[in-house]
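A single chain, nothing else alongside it, follows as structure tokens in the form predicted on its own.
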Amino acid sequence: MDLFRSERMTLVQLIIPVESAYCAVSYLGEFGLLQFRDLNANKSPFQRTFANQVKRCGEMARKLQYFKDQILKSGITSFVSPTMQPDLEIEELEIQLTGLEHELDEINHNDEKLRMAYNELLEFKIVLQKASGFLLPSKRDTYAEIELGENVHSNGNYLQTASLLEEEVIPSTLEQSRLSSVSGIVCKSKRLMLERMLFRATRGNMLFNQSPADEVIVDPSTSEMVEKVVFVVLFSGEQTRTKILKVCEAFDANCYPVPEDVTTQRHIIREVLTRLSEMERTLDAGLHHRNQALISIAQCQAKWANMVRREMAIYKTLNMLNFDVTKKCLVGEGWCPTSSKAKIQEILQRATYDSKSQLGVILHEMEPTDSPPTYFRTNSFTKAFQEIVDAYGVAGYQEVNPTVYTIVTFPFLFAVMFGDWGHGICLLLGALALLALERKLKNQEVGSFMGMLFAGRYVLLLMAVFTIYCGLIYNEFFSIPFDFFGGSAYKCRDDSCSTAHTMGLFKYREPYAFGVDPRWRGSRSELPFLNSLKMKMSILLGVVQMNLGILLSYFNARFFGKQLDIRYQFLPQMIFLNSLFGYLSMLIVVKWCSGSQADLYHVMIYMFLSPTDDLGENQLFRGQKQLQIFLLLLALTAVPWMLFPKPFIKRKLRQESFQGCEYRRLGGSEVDDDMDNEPDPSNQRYGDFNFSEAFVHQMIHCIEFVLGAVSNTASYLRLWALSLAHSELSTVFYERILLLAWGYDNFIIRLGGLATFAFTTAFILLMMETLSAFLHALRLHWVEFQNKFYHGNGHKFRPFSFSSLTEEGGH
């Protein structure tokens, strides 16, 4: 496994007999290291050879998704242990899925009809119980007699209880009554609109009574609970009745006849309750039968889905192949790692033998016309770091892979900003918990946030380890210093200076063995000292990483044979960066070692403004002024060195190559390599060389590097800023929450302070600050580090693999 450069790839052509094509593609999917090229890109999906097979697989996938939705809707748990089922052919599976879908549709249809009939009976019962309160004989003195001999008005769906309503209940006083009534039930959300519309339709000649239903009714189409209201409308006249019934129908209100006689009401209610109990038993039996059918499907659903996904992938891959002129062979092309070519040949031979084909599969190499895909062999440890790099851009073919260095530099720069070994221990415990549950979580469906944490478990582990290391250097444990590595090198100037807030500290012994001296904590010099330390350390780390990036550009140019890039890009970039910021880094180290009080701000500013002036007390070593003038001249020389030679040399090489001359003065294969492998658009192998475009491109690249050298170095100061912010925030939480609460002699206050401190530490420092430091470390790698050498203009190697189908299906 070589992470520094991608695997060497080979373009191969396969000539497969028709009878062994399915078996060969299936075996290649099991192996998973051959990326097929689509030779039918100009054809629509319906014009391809195996379009019917893909359509059948899509239909089976739809049925399986329908089963999955029904299982989730019914609330059946997905962890049912699968039973051992005999292997099915895809044709048998298709027939079985069709039968199961038909059976399930019939069950659902019958259940919906029963549920609707049950709801109508339930509504009738509720209306009988509620409406009788408005139609009691004691109230006839107020409303006169009420006519109740009505038929069923329930929008035509009331079938099951029609026999209960065929009897006309007409009291002897009905002929003398002057008021009529309509009783029904409507959704609670439509009650107010119904009342207003009835008032307008009858011009106010009606009396609207209502009462909320005591029971909630389930809508059979949506399975949602619906609140309803029982209403009774009192009116006079047949025309008014017709209007009221039409309005009720428009608002989906179901109307039911309510007899005036109490004895008849009780009789009907008893019959309705009997029918309801019978129907409940029928519904329970139907639900049990449906659940049993879904459980049997759930036990095989994952296996069937995997079969269908594999089958569809095979036929989609076969659709990427072309028939030869004899229509007896399929011709395919694809990329594979050079190291896996022999293994692919063995697999194809096995496919020929298993399919009992008389002709073998022919595999031979082809000359590539486009750039090969990029493929890195990764494992569970390196995969997350590779994904971080690929999120910026996939490396070009055989380009230097930043992942090798990101594995170390990314968690380290994170730790520089997050350095606290107490917080590091918390991160370490979380990472170890994810590693301990690795086998369990790998085979489970987890949420997006948990899935992201699990995928980056090794990144989190290294971040925690480096955070502990940097926390020991900063000597911070939840902002508390410790003296693990011997006594402090400083003490107070007198005995009264216990906290060193007034008189300060002075050094009386050898420096503290490892990290920041614990006596700096709480002193008046703490903030200036840590500011200076972390700011200069940030510049040093930034210059080192930027130099590493430029050095990697040299390895890229050397590997691809680009001598022009080495001479007119790598060398001036190294000279420019180190003449300015490399010199600044050297001054920082010299000042630390010598203990000088020189002002480096003054030195760097007047290096440009007045390079010939004496440095005075800011001189750190002999000959510093002459060295600064020399470095300044080098930096000024490096700018035209980067800008002018490369486009002019390219133009000259192009002119001589067109004249048929072999121009080798600069050595090697500069004509081919420097012209063909250049990523900018001005260099096209079969096109004319455009000097103006090449010059403008080089000028943009030069200006970007010169300005970027300044801005990128300043950008690394975020290491200092975030580290200081994290330390100060941790100190505030410790002193203003925990210590303040601990100063009270009250258990409740102390417990509350401890809980508040734990909450703020967990959610602000361990979550928000972790995310902030992660994003800043990501930016430093993507922008400040990778832009020195990384083009990221490649495309991923995406082989035909069943394992990737399984991962996609699991998510």
Partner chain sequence: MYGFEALTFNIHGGYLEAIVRGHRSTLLTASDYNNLCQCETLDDIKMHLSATEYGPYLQNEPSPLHTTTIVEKCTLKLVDEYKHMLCQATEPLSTFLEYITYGHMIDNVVLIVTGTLHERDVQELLEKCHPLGMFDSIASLAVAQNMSELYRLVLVDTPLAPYFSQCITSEDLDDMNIEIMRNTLYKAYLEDFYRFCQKLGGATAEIMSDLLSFEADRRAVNITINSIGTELTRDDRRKLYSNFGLLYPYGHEELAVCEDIDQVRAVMEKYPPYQSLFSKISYGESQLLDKAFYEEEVKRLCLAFEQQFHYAVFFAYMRLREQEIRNLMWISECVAQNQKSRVHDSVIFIF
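Nothing here was measured: the structure is a model prediction, and the numbers come from that model. Residue numbers count along the first chain shown, from 1.
Same protein, other form: the form predicted in complex with the partner chain, not shown, and the subject of what follows.
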Pick the stretch from 758-766, 32-40, 781-789, 45-53 whose residues have a heavy atom within 4.5 Å of the partner chain in the predicted bound form. 45-53
Is the partner chain close enough to Cys57, Glu94 and Val186 in the predicted bound form that each of the three has a heavy atom within 4.5 Å of it? no
Closest heavy atom of Phe251 to the partner chain in the predicted bound form, within 4.5 Å or not? yes
Is there any non-hydrogen atom of Lys246 lying within 4.5 Å of the partner chain in the predicted bound form? yes
Non-hydrogen atom contact Ala201 with the partner chain in the predicted bound form at 4.5 angstroms: yes
State yes or no: in the predicted bound form, is some non-hydrogen atom of Met193 no more than 4.5 angstroms from a non-hydrogen atom of the partner chain? yes
Counting any non-hydrogen atom inside 4.5 Å, which residue from Met320, Ile588, Met197, Val404 sits next to the partner chain in the predicted bound form? Met197
